[in-house]
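Shown below, as structure tokens, is a lone chain in the form predicted on its own; questions about how it binds or moves come after it.
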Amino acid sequence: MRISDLAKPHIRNLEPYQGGKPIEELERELGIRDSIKLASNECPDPPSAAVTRALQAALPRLHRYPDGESYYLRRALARHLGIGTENLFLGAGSDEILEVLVKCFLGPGDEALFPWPSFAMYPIVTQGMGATAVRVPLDAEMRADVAQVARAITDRTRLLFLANPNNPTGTSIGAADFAELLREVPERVIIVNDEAYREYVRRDDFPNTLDAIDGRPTLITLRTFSKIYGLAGLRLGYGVGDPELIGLLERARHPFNVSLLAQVAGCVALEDPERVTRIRRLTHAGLDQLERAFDEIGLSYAKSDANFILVELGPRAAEIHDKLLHAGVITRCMGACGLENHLRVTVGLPEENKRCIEALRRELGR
């Protein structure tokens, strides 16, 4: 008997998330040096000196468990957002919050619905609970189609995952579409509004979803420190929702789920809004840089409200990805999402964006 025969079928049949190899191992395998990673939507800038100093000061306390309630970070976040501490749930990245949500609300026979292509973890966490993942195609502009989403809801729908801005397209929906979603989706369905890239948004009418929570107790908004705050290596995310919903998640989470270092770094990062503004400006300039180049080359791309851009390269996309890889430019293939003709390029520093553009021009002969 194989061990896998003993596992639950919905776990045995899962396709695991592909995070990519460490950059050092990739360089060793390909025999390259000085590669740039534009594949994982990370912040190109390291944490501030203040964060680094705070982490160093906390190292002597690593023999102790972290504060299980994240007391100081919870209060700092509540002040930052203008909400009550009872509205906050903290997790080891948004991924853990997704796991806790499906643990609370999904089981065999239930459905979780989401626009697609979108974040790869939505179908993974859904199938992990033995529930059915229902994918609703994006519209012609690669945005969530609110009307189609509403029509796809059935009596078995328990959760609706909405990445806004969406990953991997970078597109977003505005306040009017979000208001329509709240009207059309039954209140018995938990709306998980994933705003990992909110701080990068360029559109003027992006919804203020925290204000909607009082009128919609089955809405939770997720945000993260992994992107614009540059703390991806520490895994820190949070959810904002109705206290009753937050209380259920608190029952289901593991104790000490947010590390000591993550709590310390989060508190200090919130005290540096100027850095957030600088990274936002750097990212917007990088998006403009990439868009101008793609226009000159004659490439189609999705208008992004995130820190990455989805570019269409045609049937050679996978081949071009490998060519870029050997040139030391690491991007992300999107075939697993059904976007075989596309690459996702994370915005880097100006010189990294330039290097990516030059490598693309060489491979396309333009």
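Since the structure is predicted, the reported quantities are computational estimates derived from the model, not experimental observations. We number the residues from 1 along the sequence you see.
Below, we turn to the form predicted together with a small molecule, even though it does not appear here.
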Listed residue that, although the small molecule is not shown, lies within 4.5 Å of it in the model of the complex (heavy atoms), from Tyr122, Tyr200, Phe178, Trp116: Tyr122
Between the options Gly230, Gly93, Gly239, Pro207, which residue brings a heavy atom to within 4.5 Å of the small molecule in the model of the complex? Gly93
If contact means any heavy atom within 4.5 Å, which of 123-131, 190-198, 287-295, 274-282 contacts the small molecule in the model of the complex? 190-198
Decide whether Leu160 counts as a contact residue for the small molecule in the model of the complex under a heavy atom distance cut-off of 4.5 Å. no
Contact of Arg253 with the small molecule in the model of the complex (heavy atom, 4.5 Å): no
Flag Thr224 as yes or no: does it have a non-hydrogen atom within 4.5 angstroms of any non-hydrogen atom of the small molecule in the model of the complex? yes
Is Arg235 close enough to touch the small molecule in the model of the complex, meaning at least one heavy atom pair within 4.5 Å? yes
